[in-house]
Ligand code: 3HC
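The chain below stands alone and is given in structure tokens; this is the form predicted alone.
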């Protein structure tokens, strides 16, 4: 047995291990932790293939990866920079036309460039735990290593388009059924060695994916393939540039006989994506989510508690959704409620959700039984005494939460974390009623909690590093995009949302109509306009809170409160800013409201006027940006990208714009300041008084980035808000 190691050049990243075993060259990509196709890997692969070709004793080649990954894709850090080492297309050409047969031994993750590498091999064998995919669309890109040309030839253009437009990961069993891999094995490298020896001895003509044209010819002239893909992109990837380019690439694969000409087209469309601003925005979020998990003043070696069991207080929509998050992650969870009927109803909803997943083919019946068995429930606090974390998920009432946390402190074992799923209440106040304030933290899940990715982690003044690090680790295990916020009114998301919705309501007072405002912001890219959102949440929440407190309606809330006086609460009773048919969430026009709009405007001194879509978008989005800058300057958020992660994963901001703070940077902060000053003059509202941070950064030609350095935990921010709902 011979053993070599390709060390690469000093500046190159990654290595390829070369070993000859039983007349087979084994090439092992070694670029931990996930083996991306960095410059050293590309150069190592090329030189290793040359070595195998020149060795007369080598009958075939096995390509695999070290650790848990085969090849996880391209090295994103190289995008847009000077690429060193051998170009990827040269490596793929050498792999595809290797003089010895090559099998890809897919030992784990094979995504993007990893799957494209495997598609250049003659054969593919995958481990039972491996999965494959082409997720480049999630970064505003298309598969630029031949994926748009080879995958359609292997599995058909329709299935290939579904994979590429969704960016989904395909487990090895399904990959075998689809024809992406040839076999599945328990010992993928050993079986690949035996397989390639057999193929080398029995066959001189080894298949190349590039030569498989049958499925292309079948699709030629069938317009439905591309029309279905366009419909899918319009629904799931609204406003995004890359999906259209992917469809063009596959269209070229179908209609152009010359494979190399199709590769050339793919390269042209890839460059258009690479240079498009959406690519920068989406990669910003990719790295932003990873950066959000790092807390600047919490040491990397901070101990993390082992969470073996979770407790949930409250079996309503939020409690049930949070319970599902833990069960889905394989963590037993116990739900407590004070009312037996509520508890039965809540657990029934959880089971129905799992049944729905079974009916949709997302779970097998056996998987459903396994995960649902992790959910238990009762009426007694003693039954969460052995939990490692207990999350309170009742409605927003500070006195009630105080009572619950006193009981939890008494019943739950020492060392367990106590968390509140609050959207804006004071975590320090909640922590103060316990004997373990260092173990109290806010965990603001977003509804529906089992679907929405965002988790705002609220750091109290006394919250320990260990507690914080543990919650961030839990967030990762629950597959959440977790972002840390200081304990300040509204935290990050809802504090920014207040100015946004207030300005939408002011635009309504000034002359715009709800459907115009919603359409303008949805055309900008938001998933849902502000009036559809307010109808969904319920107009009566803020109205009832104000009535209880005896407070007068603020100017921006006067129309909404008047609608509540007319029993128009939103979707919950079929009438709000819009009308709703029974059983439907689709908004229908409500022309009967227009008299109310005109009357309230007149009573408050407004002469209604025509308002452009541009003004609507500017005023609402600038309100987000300006408040976000203040949040950053105060240290409530660690970095601008954290705010973007919050708004994309929790509030429906378009990912292809990179979040409100990235959008501000893309606009240019000097332009942002100019627009803020314009609307400050027009409206007189302090919402548009430019943030000092924005002014300073614009003056210095800088961009929004990190928060100013300060000891965030020691700074008292004050907590003036009894309930976020009061402000809406």
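Positions refer to the first chain, counted from 1. Keep in mind the model is a prediction, meaning the values are calculated, not measured.
We do not show the form predicted in complex with the ligand, though everything after this point is about it.
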property: 4.5 angstroms heavy atom contact with the ligand in the predicted bound form for residue 144; result: yes
property: Touches the ligand in the predicted bound form: residue 236 (any heavy atom, 4.5 Å); result: no
property: Interface membership of residue 75, the ligand in the predicted bound form, 4.5 Å heavy atom rule; result: yes
property: Residue 88 within 4.5 Å of the ligand in the predicted bound form, heavy atoms; result: yes
property: Which of 490-498, 133-141, 533-541, 574-582 sits within 4.5 Å of the ligand in the predicted bound form, heavy atom basis; result: 133-141
property: Of 287, 606, 356, 395, the one that lies within 4.5 Å of the ligand in the predicted bound form (heavy atoms); result: 287
property: Among the candidates 687, 58, 673, 34, the residue which, in the predicted bound form, approaches the ligand to within 4.5 Å (heavy atoms); result: 34
property: Members of 112-126 lying within 4.5 angstroms of the ligand, judged by heavy atom, in the predicted bound form; result: 112, 113, 116
